[in-house]
Ligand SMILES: C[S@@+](CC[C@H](N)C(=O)[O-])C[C@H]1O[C@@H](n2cnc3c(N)ncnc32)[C@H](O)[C@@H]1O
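Take a look at this single chain, the form predicted alone, given in C-alpha cells.
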Amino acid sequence: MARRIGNKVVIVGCGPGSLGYITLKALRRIQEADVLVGSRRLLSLFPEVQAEKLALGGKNYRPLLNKIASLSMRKRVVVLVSGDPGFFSYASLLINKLGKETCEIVPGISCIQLAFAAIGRSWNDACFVSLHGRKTALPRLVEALKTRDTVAVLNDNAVSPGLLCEFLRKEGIKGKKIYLCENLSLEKERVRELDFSSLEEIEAEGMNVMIFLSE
C-alpha cells in the first residue's frame, strides 16, 4: 500500500555470498545507510558500516515490515537480500507492504546466474523452481521436468538430493543430466555433474542450486 515517507527503502541484492559479486552501486547504498536490515550472514559482510543493524530471521520477517516502514520516515533504511531482489526474496513482501514507489531496488547477481556460468550453459530457456522453504512446489518441479529441457532448482536442507531423487523417480522422471552447485562464490564452492543413480547417495551442504538438463 502506498504511503508518504521521508526516505525510500532501498532493497539491495547482495549476490550469491561473496563480496566480489556485490555491485558498486549496492556498496554505495549500504555505506549511506542509517539502518541495515538483513540476515546475520549478510550483516556480517559489512562490519565497518556504522549503521544500526537489525537481524532478519525466520520468525520476525513479517513483524519487521512495520518497523522498516516506521524507521524509513526519518532514516535511510537499507534492506539486504541474498542474490537478486526480484528472484524469490524478501523484496516482494516489502514492496507489497510499502508500495513500489516508496522502494528503490538495487539488483544483484543471483545464484542461478552463477550456477549457469559455472557449468558454461545459457539460461535463456530455463524454468526456475524454488524448494527453499517450499516443499509444496515439488509437483511444480515434476511438471517442469516433464515439459522443459532446462530446469534450475533452488534447494535447502529440507529436501536433500537423495530424497528429491527418490521423489522424482516415483514420478517417472529419468534420463536427466544433473549439476549440483554448492556454496557458489564461497571458499568451499563445489560443482558436480551427476545422474540419478549418483544423486541418490549425495550429501549436499545447505542451500544449493540443482540444474536438470534433458541430454
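Residues carry their position along the shown sequence, with the first being 1. Fair warning: this is a prediction, and the values are worked out from it, not measured in the lab.
If you look for the form predicted in complex with the ligand, you will not find it shown, but the lines that follow are about it.
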- Using a 4.5 Å heavy atom cut-off, are I11, T23 and P107 all in contact with the ligand in the predicted bound form? no
- Message: Based on heavy atom distances of 4.5 Å or less, which listed stretch (96-104, 72-80, 109-117, 140-148) is in contact with the ligand in the predicted bound form?
- Response: 109-117
- Query: Heavy atom to heavy atom, is A55 within 4.5 Å of the ligand in the predicted bound form?
  - Reply: no
- Query: How about L36: is it within 4.5 Å of the ligand in the predicted bound form, going by heavy atoms?
  - Reply: no
- Query: With the partner left out of view, is W123 within 4.5 angstroms of the ligand in the predicted bound form by any non-hydrogen atom?
  - Reply: no
- Might S160 be said to contact the ligand in the predicted bound form, defining contact as any heavy atom within 4.5 Å? no
- Message: Within 4.5 Å, heavy atoms only, which of L184, L164, I178, A152 is in contact with the ligand in the predicted bound form?
- Response: L184
- Query: What are the residues of 84-107, in order along the chain, with a heavy atom within 4.5 Å of the ligand in the predicted bound form?
  - Reply: D84, F87, F88, S89
